[in-house]
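Just one chain is shown here, as structure tokens, and it is the form predicted alone.
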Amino acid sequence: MEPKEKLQSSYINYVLLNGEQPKSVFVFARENELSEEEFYNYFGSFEGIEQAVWKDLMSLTIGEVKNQEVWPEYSAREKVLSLFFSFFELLKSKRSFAAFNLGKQRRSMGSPKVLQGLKGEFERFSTEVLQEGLESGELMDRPLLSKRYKDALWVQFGFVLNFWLKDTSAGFEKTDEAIEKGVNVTFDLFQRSPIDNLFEYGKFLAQNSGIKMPF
């Protein structure tokens, strides 16, 4: 096991067994047969370890789903569904840590600080997949709104994460249902709808009949 991975694993074990962070970097490093200076070669703080755990899990998930043979054949919707299902499957192995770590985060309107690295990975993935969907015509390219699609997916991810933390169903089957329903509803909103047809009809009338439209 690489030193970085060993430190992550040791940290997770420590907080779960003790219910708190180690008293100091010096003590934690010594327990892992490292000097304090060597610890800082890998992480700047305990919070840095926590962020890395989440970010690495998302990076691992993205790598795994993209390596699927069927990946190039997937639609944008299917790619996002695959990411969600795969991520929460991998997260099962760290459920106790996830509950502890997110439970101690301060409540705020924004995303928990510990998820910042994960969010960056998630948004890069989402931007890539959504752009593919826009170019293929699977998704509706709407002025201004299209750029916000990735934000809608992030909100959906946050909802599922909170749902999963409270899910007590066997095998977390309720979470699987929440993923399927939530992602599908979100993508339904990204696709062409009767409102889009009405909007385009209104523009057509405005351009060809002299009728002034309010947009």
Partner chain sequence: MSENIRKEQNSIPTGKVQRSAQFVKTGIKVGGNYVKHYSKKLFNPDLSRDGLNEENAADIYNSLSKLKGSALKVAQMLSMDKNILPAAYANQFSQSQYNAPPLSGPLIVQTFRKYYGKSPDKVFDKFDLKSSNAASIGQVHQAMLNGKKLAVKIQYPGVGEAISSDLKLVKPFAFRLLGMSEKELDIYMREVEERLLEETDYELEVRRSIEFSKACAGLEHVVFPVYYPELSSKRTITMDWLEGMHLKEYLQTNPSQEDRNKIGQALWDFYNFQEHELRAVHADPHPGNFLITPDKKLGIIDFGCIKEMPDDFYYPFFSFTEKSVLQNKEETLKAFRALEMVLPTDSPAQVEFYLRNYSEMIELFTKPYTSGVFDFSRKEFFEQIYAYGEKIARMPEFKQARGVKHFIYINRTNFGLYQILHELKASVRTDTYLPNLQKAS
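Since the model is a prediction, treat every value here as computed from it, not as a measurement. Positions refer to the first chain, counted from 1.
Just so you know, the form predicted together with the partner chain exists too; it's not on screen, but the next bit is about it.
Student: Within 4.5 Å of the partner chain in the model of the complex, counting heavy atoms only, one of 49-57, 30-38, 65-73, 148-156 shows up; tell me which.
Tutor: Within 4.5 Å of the partner lies stretch 65-73.
Student: Which residue among 123, 132, 78, 141 has a heavy atom within 4.5 angstroms of the partner chain in the model of the complex?
Tutor: The residue from 123, 132, 78, 141 that makes the contact is 78.
Student: Can any non-hydrogen atom of residue 128 be found within 4.5 angstroms of the partner chain in the model of the complex?
Tutor: No, residue 128 stays farther than 4.5 Å from the partner chain in the model of the complex.
Student: Is residue 101 part of the interface with the partner chain in the model of the complex - any heavy atom within 4.5 Å?
Tutor: The answer is no: residue 101 has no heavy atom within 4.5 Å of the partner chain.
Student: Even though the partner isn't displayed, in the model of the complex is residue 97 close enough to the partner chain, meaning a heavy atom within 4.5 Å?
Tutor: Answer no; every heavy atom of residue 97 is more than 4.5 Å from the partner chain in the model of the complex.
Student: With a cut-off of 4.5 Å between heavy atoms, is residue 172 one of the residues that contacts the partner chain in the model of the complex?
Tutor: Answer yes; at least one heavy atom of residue 172 falls within 4.5 Å of the partner chain in the model of the complex.
Student: In the model of the complex, which residues of 141-159 put a heavy atom within 4.5 Å of the partner chain?
Tutor: Nothing in the stretch sits within 4.5 Å of the partner.
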